[in-house]
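Shown next as structure tokens: one chain only, the form predicted alone.
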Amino acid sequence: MKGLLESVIRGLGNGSVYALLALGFVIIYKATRVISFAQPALMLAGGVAVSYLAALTGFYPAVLLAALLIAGVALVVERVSIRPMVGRPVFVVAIITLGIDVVLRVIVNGFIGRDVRQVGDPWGFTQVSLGPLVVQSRWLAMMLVTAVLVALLFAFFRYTRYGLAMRAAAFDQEIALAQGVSVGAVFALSWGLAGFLAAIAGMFVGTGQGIEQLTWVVALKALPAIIVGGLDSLGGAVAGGLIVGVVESLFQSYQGEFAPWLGQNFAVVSPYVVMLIVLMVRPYGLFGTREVERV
């Protein structure tokens, strides 16, 4: 039981990072109806920015500055590359985000170089005791920061003017325009928020192990998270990220003992197996909106 609980906590920690990335995907999708494939590059850029800024300002100010910097980069990307494509087919815009991801990663890789860059986090692989359980500090930090950011994000959408504008645009862009909502500003804000969250996720991905050129692959695990939770559900993104993280952690801990015939490293693909199972049962995700068609 002790090992099981420790594995679950590790999964919730990693799942918190997936949840931050998934929230970025969902926020942009709800605002623009486009899946942005630029999130991995923004995540990588955030982690690298922290690694440089931490040497100048210390770790915690560096995280805030890096998140704001990447949010600014995302705003510029949206204004230059996405805004002119309003009204064009969705798949065209999605392909453009894929190109943006490649370009950004090539630029960021120049700042990474061939060596692993440490983000200067204070946790590393240090462990703490929670009663009989021994867990790494970074898992707890991931869960705590994600919980605070999710609470702030939901309060923003529920109680602020801009949050209400984003909800209106997500419901129906034409009606929102008729009510005086600037859909262009909503698009920009969604990208800025997604960039901010991606940078925080990038910092956490680099904790203890550092950032290298292939770190962006971690962000791909947010895709099964948003499918499991529901592509248009903010709460579903959080739940999906945590589910994917826990499933992956349990496979890492127990698959070799109970299902060795699956081969080594099956945990890497376990999130996608979960995604396929959910798609077969609930194609719109656990918390997504079920589309109703009149016939």
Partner chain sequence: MTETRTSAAAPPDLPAGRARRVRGRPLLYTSYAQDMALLDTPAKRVSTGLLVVVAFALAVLLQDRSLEVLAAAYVLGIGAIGLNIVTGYAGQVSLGHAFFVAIGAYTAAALSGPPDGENIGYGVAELWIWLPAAGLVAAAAGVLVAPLATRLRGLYLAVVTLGLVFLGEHIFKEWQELTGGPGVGREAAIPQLFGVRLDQDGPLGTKEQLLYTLMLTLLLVFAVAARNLARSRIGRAFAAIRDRDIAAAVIGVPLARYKVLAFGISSFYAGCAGGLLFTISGYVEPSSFNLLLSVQFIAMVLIGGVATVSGAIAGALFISLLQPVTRSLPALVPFISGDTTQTPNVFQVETVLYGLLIVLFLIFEPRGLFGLWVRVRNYWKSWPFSY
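Just so you know, these numbers come straight off a predicted model, no measurement behind them. Residue numbers count along the first chain shown, from 1.
There is another form of this protein, the form predicted together with the partner chain, and it is not shown here; the text below is about that form.
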Only one of Ile243, Leu231, Ile27, Ala62 has a non-hydrogen atom within 4.5 angstroms of the partner chain in the model of the complex; which is it? Leu231
Considering Leu250, Leu69, Ile35, Leu53, which brings a non-hydrogen atom within 4.5 Å of the partner chain in the model of the complex? Ile35
Is it true that Val48, Leu152 and Gly210, all three, sit within 4.5 Å of the partner chain in the model of the complex, judged by heavy atoms? no
Partner contact for Val102 in the model of the complex: the partner chain, 4.5 angstroms, heavy atom: yes
Please tell me whether any heavy atom belonging to Arg114 falls inside 4.5 Å of a heavy atom of the partner chain, as the geometry stands in the model of the complex. yes
Should Gly263 be counted as a contact of the partner chain in the model of the complex, where contact means heavy atoms within 4.5 Å? yes
Heavy atom to heavy atom, is Val134 within 4.5 Å of the partner chain in the model of the complex? no
Out of the stretches listed (115-123, 86-94, 199-207, 143-151), which one is close to the partner chain in the model of the complex, meaning heavy atoms within 4.5 Å? 86-94
Within 203-232, which residues come within 4.5 Å of the partner chain in the model of the complex, counting heavy atoms only? Trp216, Leu220, Leu223, Ile227, Gly230, Leu231
